[in-house]
Structure formats: C-alpha cells, structure tokens
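The chain below stands alone and is given in structure tokens; this is the form predicted alone.
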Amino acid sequence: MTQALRTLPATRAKDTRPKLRIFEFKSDIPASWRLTLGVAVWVLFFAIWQIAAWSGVMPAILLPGPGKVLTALYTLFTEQGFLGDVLISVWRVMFSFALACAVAVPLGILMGAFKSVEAFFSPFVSAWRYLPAPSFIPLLLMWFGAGDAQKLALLFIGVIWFLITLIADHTKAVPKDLINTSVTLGGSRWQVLRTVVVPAALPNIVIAMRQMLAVSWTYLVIAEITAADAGIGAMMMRAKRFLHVDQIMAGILVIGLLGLIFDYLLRALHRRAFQYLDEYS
C-alpha cells in the first residue's frame, strides 16, 4: 500500500504531461520535425520520379530518372558554361522585380491610404491585372526587339499589377484607430503616412513582395524562350531541338532551386527586420 502511494504522484505527473502532436491548429512544431518533414517530402518526390522512370510508363528519352538529370546538370555547369546562363536569368529577374517594386510600393501604399488615389488608379490597375502578360510578347518584340529590354518588360508587366493590388490591400488593413489617434495627436497626413501607416503595413508588404517574386520566376522561361541566346530558358529551348529532356528538366530544377533560395532569403529578411511580430516571439 505504501509503495503504491509513493508511485502515485509520478504516475499522475506522467499522465498529465502534454502530448506532442503533429496536427494542432496553429501550433508550432520542433525544429527537428520541421527539418525531417521538409526533407521527407523531397525524398518522396524523387522516389516517385525514379519509380516512374523505371516503370517504363514513358520512353526513357522523354522521362529520364533523377540520376540522369543530375548528371546532365553537372555537364551543363562544367562543360557548357551554364553558370553564365544562370547569372543572366538571375539578373533579369532581380532587375525587373526591383523596377516593379519601385513603382508598386509607393503607388500601392498611396492607393491603400487615400480613397481619392484609389478611385483614380484602381480602374486602370484592375483592368491590366486581368490581361495575360504573355499576350504582350508580339508587341514587346516589335517595340524593343529580341534583346534584354523585351524580357525585362515582360517580367515587369507580369508582376506589377498584382503587386500594386496586394500592397494596397495590406495598407488598407492598417487599423483605423492607429491613424485616428495619430491625427488627434496633431500629426499631419504625411507624418501619419510615414510614421504610422507605412511601418504598420511594411511586414505584410514584404510578404507580398516575396509572393510576387515567385511569380516573376514563373514568367522567366516565357520571357527567355522567345528569340533568346542566353539564360536558363534559352538553354532549355536549345535542348528541346535535340530532345535533351534531361537538360530541360535540369533547367527546371535550377529555376526551382533559385526560387527556393530567394524565398528563404526574403523570409530571413522578414524575420530579422520584424522580430517584434507575434509569429517570431
């Protein structure tokens, strides 16, 4: 009896210990789980890809396995100067996206902060948002030729209208109480915009930029397959002529990897710049 009483508290403590579960709403998980799950999805993806290649569901020339694609990627970098194509593509994406942000960020903030600005620009921005960017390729080729200007213009058109809309929406979401309090304390319109509205909306603006940078990468190949002599898309088109599917898939992998790297960098920037947010506390 005495022995049972001695073990009772330990048993109760063990029973009441919180259980660690994977599926909990908005509950954080250990870093080890996050890493394991992130690696597992890629292992599963490559395993399914390899099984599909072995199964013979498609000819080997049209569906090479991961090993052949990685070998082709190594050959591209070591023997065919693919690094130059990658750097050119990165420059095109980053330069065009910087131009889009230079226009979209101030305009989106003004549209979200002032109804008069929104009333003036919104019909124009909304109309352009529904026009597919690739439909402008014939015009851009006639206006700018087949050089970098045409590709930069297409990447610019592909993201700017959605970026303006997202930034305007995030700016509108700034609590009105913050603005009214600032005005009551004597702040002018531009002071309130600079010291209240912009800092409050900035974390979500960076998220919008991160989202639209991913869209810019999706337009890269479209921009580069038209009369291009350099870039990842140009390499893929050259590979298509000779049915080098392994090189095409290698180019797709590189674009995905580059997008992942830039997404991680923007996430790290967001965490570092906005450490005060609840999600980082």
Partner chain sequence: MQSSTILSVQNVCKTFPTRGGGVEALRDVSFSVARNELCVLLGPSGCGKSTLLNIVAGLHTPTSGTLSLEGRPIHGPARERGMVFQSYTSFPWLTVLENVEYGMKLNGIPKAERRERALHYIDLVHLTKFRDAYPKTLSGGMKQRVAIARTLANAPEILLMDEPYGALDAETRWHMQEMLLDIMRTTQTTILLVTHDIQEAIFLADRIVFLSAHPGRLKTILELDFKKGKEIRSKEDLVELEGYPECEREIMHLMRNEAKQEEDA
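A quick note: this is a predicted structure, and the numbers were derived from the prediction, not measured. Positions refer to the first chain, counted from 1.
Another form, the form predicted in complex with the partner chain, is not on view; read the next lines as being about it.
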Residue 142: touches the partner chain in the predicted complex, heavy atom cutoff 4.5 angstroms: no
4.5 Å heavy atom contact, residue 199 to the partner chain in the predicted complex: yes
Partner contact for residue 78 in the predicted complex: the partner chain, 4.5 angstroms, heavy atom: no
Exercise: residue 184 in contact with the partner chain in the predicted complex, heavy atom 4.5 Å: yes
211, 204, 191, 122 - the one with a heavy atom within 4.5 Å of the partner chain in the predicted complex: 191
Answer option from 116, 126, 135, 195, heavy atom within 4.5 Å of the partner chain in the predicted complex: 195
Partner-proximal stretch of 174 to 182, 161 to 169, 97 to 105, 69 to 77 relative to the partner chain in the predicted complex, 4.5 angstroms, heavy atom: 174 to 182
Residues in 260 to 279 close to the partner chain in the predicted complex, defined by a heavy atom within 4.5 Å, in order: 275, 276, 277, 278
